Ligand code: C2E
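Presented as structure tokens, the chain that follows is alone, the form predicted alone.
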């Protein structure tokens, strides 16, 4: 079904529901981690997989619900006559659970997870285009987080940023590197910093990273943003290491650049230009990003590790990665997802998860970093259970790189009590 037909179908349902108390739900479903399936098994198998997925969805929903395929591994479901928005959320949860079991394709079993975005009429929009756009926004949030099904939240829609704004800001070097110091918990000294991109657009104020980084990934600007980030960070790293040669720097690497032919040479060239040794740089990649294409990730990261760079698995514990893959990835560090760290004082299970990640990392000869440390008590808890390093607002908020380096020049950053 093309978008015009989908809009017409949804509009018809909206017209039918006008004046009624019932809620109409719009559910977008996208199958995940099947990028290589068609390449390996061909178009016929890919179509068979989509048909099996559609049947699975229809089996767990009501007879009145309308399921339509709108892409290779993407479906839209219209949910008429719902009691309320919670009824729509329950339908999403039902579909998520349905894909806990593999799909059967001929003699093969294929395990496919799903990401789901949901909007409801009239709460989230009075027309088809608005409802579809907001379901797509919720779907995007589901793909970026560890929640598999997300109901659109009123007021959560970010201001749309034109492509031209971001492209011009990158080309004109109007982005800025902020640094957030990282504390060694045993030595109680700052030993490095994570590089963060910030955008303060003249006349428009600060534009949040969670608004412009997804835009860069979706439009292909991520290649230019990565090139800018590497060179801008390493320029500052070169200056900072002139003050303290032991400092190391972490740079986030988007999975969208993994397929670039020149990404390795681009990184090595930037290191050479700014005179920063590879071992002083840690490339951070998210756990979920590694699992999007494990084979490509493994090949790229092994090459980078062979060149001497360190590799950190970011947001560890929040995703769905396999321990079988973890033992093969050439990681040097695990970075514990902030959600567990923030909850440590209130939730004993979060403490146990953090302790387990630390033990796992140490048994695999990996360093462990906790992010999201916002108070002294949490910092001491992490130190007590053997975490190696930490960062967060209690230690130091992100600040412009020049400001952090100026503090280094005056005296070493103070230890944290």
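Positions refer to the first chain, counted from 1. Please read these numbers as outputs of a predicted model, since none were measured by experiment.
One more form of this protein exists, namely the form predicted in complex with this ligand; it is left out here, but the text below deals with it.
Open item on the list: Would you classify residue 314 as touching this ligand in the predicted bound form, given a 4.5 Å non-hydrogen atom cut-off?
Closed with: Residue 314: contacts this ligand in the predicted bound form.
- [ ] Look up in the predicted bound form whether residue 225 has a non-hydrogen atom within 4.5 angstroms of this ligand, and give yes or no.
- [x] Contact with this ligand, yes.
TODO: Please check if residue 180 has a heavy atom lying within 4.5 Å of any heavy atom of this ligand in the predicted bound form.
DONE: Flag for residue 180 set to yes.
Task: residue 374 within 4.5 Å of this ligand in the predicted bound form, heavy atoms - done: Residue 374 belongs to the contact set for this ligand.
Task: this ligand: the contacting residue among 262, 210, 129, 147 in the predicted bound form [heavy atom, 4.5 Å] - done: Exactly one listed residue reaches within 4.5 Å, namely 210.
- [ ] Identify which of 271, 196, 283, 185 has a heavy atom within 4.5 Å of this ligand in the predicted bound form; exactly one of them does.
- [x] It is 196.
Task: Three-residue site 252, 342 and 398 fully in contact with this ligand in the predicted bound form at 4.5 Å by heavy atom - done: Yes: 252, 342 and 398 each sit within 4.5 Å of this ligand in the predicted bound form.
Open item on the list: Please identify, from 107 to 115, 234 to 242, 210 to 218, 274 to 282, the stretch that has a heavy atom within 4.5 Å of this ligand in the predicted bound form.
Closed with: Selected range: 210 to 218.
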